[in-house]
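Presented below, as structure tokens, is a lone chain in the form predicted on its own.
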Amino acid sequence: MRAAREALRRTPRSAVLLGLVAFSLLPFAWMLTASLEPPQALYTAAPHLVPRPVTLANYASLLSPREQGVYFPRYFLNSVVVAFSTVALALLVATPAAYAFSRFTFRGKGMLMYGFLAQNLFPGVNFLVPLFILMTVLGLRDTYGALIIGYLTFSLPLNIWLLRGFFDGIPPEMEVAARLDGAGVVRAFVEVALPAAVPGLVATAIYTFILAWDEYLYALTMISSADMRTLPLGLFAYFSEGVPDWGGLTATAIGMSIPVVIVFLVLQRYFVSALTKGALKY
């Protein structure tokens, strides 16, 4: 009886959660169905979630250029180069900066930290015009460099705040003990603090990767060449003359989503650990 009462007590909560999950997954279910059907099947009077008939033609077409100029492999390569380069540079810059803010005292420290925070208070669209002018002057438009620098601008402030909170959660006595054994500041940072901060580094990498992988508006501003389009820009090419190619569009969207899902599923335990141990402190 106790087990039955416990089950009944939990049933409403479970039902609500299941309903929310089903509501959230419904658009993705339709997207998967549309990617597995021929275009004419999407215009039937009664919508359905089970593809009828099933075809892989939309996925096969991703591997070859199309009449609209859509070329998924090229866009995928551009997104991979931009996203992973942004992640690498973000970690390279944000990690020592966050460690310095956590461990050292210097003039202007508080003002700089709140300056980073203030940057996140403004919508990213406010920076489009200044960055467009800067990239034009530097001759970086239609290059990977323009996208990477822009995404670093958007992601670094939050990255530094996130990692600083995580370094604050690591006992400084560990590094003091290493320095008493003869290690310098850099060696103590690399061999003691950095391994302990791996969950925070992974969380930062996930956030930066998703930002660089999914961003559309800034890429639209900086990229005009078809060969330099990233996947979000490539999706727009399926809207030709007002008649969308829903099959190709949804197949591309699913192909674009798979790397993000894989990265998050593999590294999610580090992401949750970083949020609970470091970021929520602030």
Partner chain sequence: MAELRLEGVGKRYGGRGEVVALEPVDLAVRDGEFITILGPSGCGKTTMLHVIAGLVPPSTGSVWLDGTDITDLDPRDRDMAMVFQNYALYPAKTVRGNLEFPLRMRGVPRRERARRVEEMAHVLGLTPLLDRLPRQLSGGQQQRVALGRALIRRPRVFLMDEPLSNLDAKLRAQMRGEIKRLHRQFPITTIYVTHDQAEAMALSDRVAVMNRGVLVQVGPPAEIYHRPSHVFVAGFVGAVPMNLARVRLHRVEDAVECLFPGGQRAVRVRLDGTPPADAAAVLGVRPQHARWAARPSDDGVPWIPAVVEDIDIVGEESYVLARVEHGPLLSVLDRAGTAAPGQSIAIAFEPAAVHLFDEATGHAVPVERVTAARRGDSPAYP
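What you see is a predicted model; the values in this text were computed from it and never measured. Residue numbers count along the first chain shown, from 1.
As for the form predicted in complex with the partner chain, it is not shown, yet the points below apply to it.
Contact with the partner chain in the model of the complex, judged as any non-hydrogen atom within 4.5 angstroms, is confined among 72 to 80, 194 to 202, 90 to 98, 154 to 162 to 194 to 202.
In the model of the complex, at least one heavy atom of L180 sits within 4.5 Å of a heavy atom of the partner chain. Although the partner is absent from this view, G184 contacts the partner chain in the model of the complex, with a non-hydrogen atom inside 4.5 angstroms. At a distance threshold of 4.5 angstroms between non-hydrogen atoms, V176 is in contact with the partner chain in the model of the complex.
Although the partner is absent here, G139 lies well away from the partner chain in the model of the complex, with no heavy atom inside 4.5 Å. Just one of G108, P171, P123, G115 comes within 4.5 Å of the partner chain in the model of the complex, counting any heavy atom, and that one is P171.
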